[in-house]
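First, one chain by itself in structure tokens, the form predicted alone.
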């Protein structure tokens, strides 16, 4: 495993990070509800392969992902850099309506009192007295940025968080937070070979402020793990039923792209996840790969992407194959 500093903080994080959206289960990930034993085994695999960076959020399974991690982290909290999020909550205390799901109404609220409460709720569910990093889950224009920044900086002063970042945002949002006196260490945004545009727009601003760009969706919720994945079906509420790759015209294009990618994969003797992760790491030098993993075998496979060295010609051929089906905006 390789490690680097998270933004301008003193946190040393693995290049491959554990994403736990799927760990929360529920209707969004309808094929499996994880158990405490599975969460513990997953973290044991992370420890074995050097993955020390964990990302979660309050709304992943409406608290379930955080609760499972809290149990799994007992006795080894200091082995991991723990990151969760703020702004989305189901307390019915104000903010902007975001969605209704599984019997809960979730609002987006970046007011200082909401952020402070979010952090306290996460500390309780995760059974810890500090968070290494907190991400503003959805940047909100309805409330003053300066107030949000002040709340995050206060939490740092109190020792409840050590760093913070932004997600589901735009490059100007990073500038706004920095100009308001913020110290944003992480920008977490979607980025994959099938949807690279938002990330590339963001890279210059991240470089300007020294922020780590953390990609989610690099494997497109499983659709880039193998051609066979396209044959699966999902419930209407499942995130994987709502992205472009389930549509017939995109499936055809994706199958054709896999035919071009297959010889490159074979030449390196690697898996498709390793191939696309290696591609992503070549796109920006200060990149963090946030990969959703629910099984120890996933951790073992994804950690090996760092051993894969792709040539410039291979990188170009991979993206050329993706161009006919690339999309600019993904609403996940």
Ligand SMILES: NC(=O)c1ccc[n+]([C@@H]2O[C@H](COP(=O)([O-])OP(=O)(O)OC[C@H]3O[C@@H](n4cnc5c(N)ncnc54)[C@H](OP(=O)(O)O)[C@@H]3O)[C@@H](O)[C@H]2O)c1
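Quantities reported herein were computed from a predicted structural model and do not represent experimental measurements. Positions refer to the first chain, counted from 1.
Although it is not shown, the form predicted in complex with the ligand is what the next lines describe.
| query | Looking at the partner-bound form in the predicted complex, is residue 53 within 4.5 Å of the ligand by any heavy atom? | reply | Although the ligand is absent here, residue 53 would stay clear of it in the predicted complex, with no heavy atoms inside 4.5 Å.
| query | Looking in the predicted complex, any heavy atom of residue 70 within 4.5 Å of the ligand? | reply | Answer no; every heavy atom of residue 70 is more than 4.5 Å from the ligand in the predicted complex.
| For residue 64, is any heavy atom within 4.5 Å of the ligand in the predicted complex, or not? | The answer is no: residue 64 has no heavy atom within 4.5 Å of the ligand.
| At the 4.5 Å heavy atom threshold, is residue 188 in contact with the ligand in the predicted complex? | Yes.
| task | Determine which one of 199 to 207, 123 to 131, 165 to 173, 147 to 155 lies within 4.5 Å of the ligand in the predicted complex, judging by heavy atom distances; exactly one does. | result | That would be stretch 165 to 173.
| Listed residue (218, 82, 115, 184) with a non-hydrogen atom within 4.5 angstroms of the ligand in the predicted complex | None of the others qualify; the residue that does is 218.
| task | Enumerate the residues of 284 to 312 that have a non-hydrogen atom within 4.5 Å of the ligand in the predicted complex, in sequence order, or give none. | result | Read in sequence order, the residues that approach the ligand (within 4.5 Å, in the predicted complex) are 290, 291, 292, 293, 294, 295, 298, 301, 302.
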